[in-house]
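Taking the form predicted on its own, here's one chain by itself in structure tokens.
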């Protein structure tokens, strides 16, 4: 093969100089731009404030997740206990769940956590336990207040959203923390129970509104204005039983947002009895103004109609009150739907029969919102008292 001499070494061409210089200049400009953007994005006072390490104590006389300022994300998981589960196995399940819930809510790894890094940002994570009739009976206690609600004529209940033996209410300001805690709880429970249903809900993100702001549902309404204040004597009289327990009603309410959109603003406010702007009753100017149910307009009709939602929800019997703590849901629409949305309605009260059921019966009999809302799921759970460190949720039921 003939030998070919290597080309003589030459200096950079004019084109190379121009191209290289331009590239270098562009790189400097890009680097400067990125640096400037990074500087502009950083808070003036230093590092960005983070909320991920905020924790809510797990142990106490009451379970967390009830009086806790509502977190942005929640998952309600109902489990059915497996056949053949005995008294001792049930205690092992509740002890295991309680122990891991205590760890996760404090930002610590669950005992068999294969992804411990996912549990380091609790972001006010809480895990609250609810007991259905079967679990109560297996524990040797009366099912009592955990019995299902009576039938209401507005209900179109779907079995896939009804009842359950054991409820796990998992909530956090971080959806990843909710997902991880749910996975850990279900891994603990898989030998003892199977999933009946899961309902996921949301509110506005933490920091987008001031704490204590009444949530809005997907109709745009403020939802839960008339609520006792946690920590007050009024709250205690409405919610807590003497032993530190309470009861939960959870109702999945489908909201026909698509047809609600067809109603003008005044019609929406007339149906509810509150303004959309700030949630004030239509006889007042501020959200927490007391409604005047006797006020009339120029034509002599009551300003708040007889079938308005806030009138039907109100009782002259002050014992018929509840503490509301709901979440919105928004599922993928199907077919010609624009929306598949609704409300995960949750209430806490001492007695379902004496406080919740009479109110729900009035709403079922006559409520303007029934044209756009349909209950499709319903369940009732006893929420046992809290426990001390080393104990487990529900241990007092077994002791009794």
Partner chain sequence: MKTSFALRTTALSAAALIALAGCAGTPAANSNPAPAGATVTMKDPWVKAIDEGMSAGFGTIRNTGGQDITITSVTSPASSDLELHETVANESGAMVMREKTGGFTIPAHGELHLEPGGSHIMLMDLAEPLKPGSTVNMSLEFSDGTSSETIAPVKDFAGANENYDGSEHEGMDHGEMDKDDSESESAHDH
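Residue numbers count along the first chain shown, from 1. Because the structure is a prediction, the values reported are computed rather than measured.
Beyond the structure shown, there is the form predicted together with the partner chain, which is absent from this document and is the topic of what follows.
S.K.: Which one of 168, 72, 102, 222 is close to the partner chain in the predicted complex, taking close to mean a heavy atom within 4.5 Å?
M.R.: If I apply the 4.5 Å criterion carefully, the residue I get is 102.
S.K.: To verify the annotation, which of these, 306, 242, 111, 229, has a non-hydrogen atom within 4.5 Å of the partner chain in the predicted complex?
M.R.: That would be 111.
S.K.: For the chain seen here without its partner, which of 263 to 271, 185 to 193, 234 to 242, 297 to 305 has a heavy atom within 4.5 Å of the partner chain in the predicted complex?
M.R.: Looking at the other structure, the answer is 185 to 193.
S.K.: Thinking of 202, 216 and 328 as one candidate spot, does the partner chain come within 4.5 Å of a heavy atom in every one of them in the predicted complex?
M.R.: Not a single listed residue reaches the partner chain in the predicted complex, so no.
S.K.: With the cut-off set at 4.5 Å between non-hydrogen atoms, does residue 314 touch the partner chain in the predicted complex?
M.R.: No, residue 314 is distant from the partner.
S.K.: Residue-level question: is residue 77 within 4.5 Å of the partner chain in the predicted complex, judged on heavy atoms?
M.R.: No, no contact at 4.5 Å.
S.K.: How about residue 98: is it within 4.5 Å of the partner chain in the predicted complex, going by heavy atoms?
M.R.: Yes - in the predicted complex, heavy atoms of residue 98 and the partner chain come within 4.5 Å of each other.
S.K.: If you check in the predicted complex, is residue 85 within 4.5 Å of the partner chain, heavy atoms only?
M.R.: Contact with the partner chain, yes.
S.K.: In sequence order, which positions of 378 to 398 have a non-hydrogen atom within 4.5 Å of the partner chain in the predicted complex?
M.R.: The stretch touches the partner through 389, 390, 391, 392.
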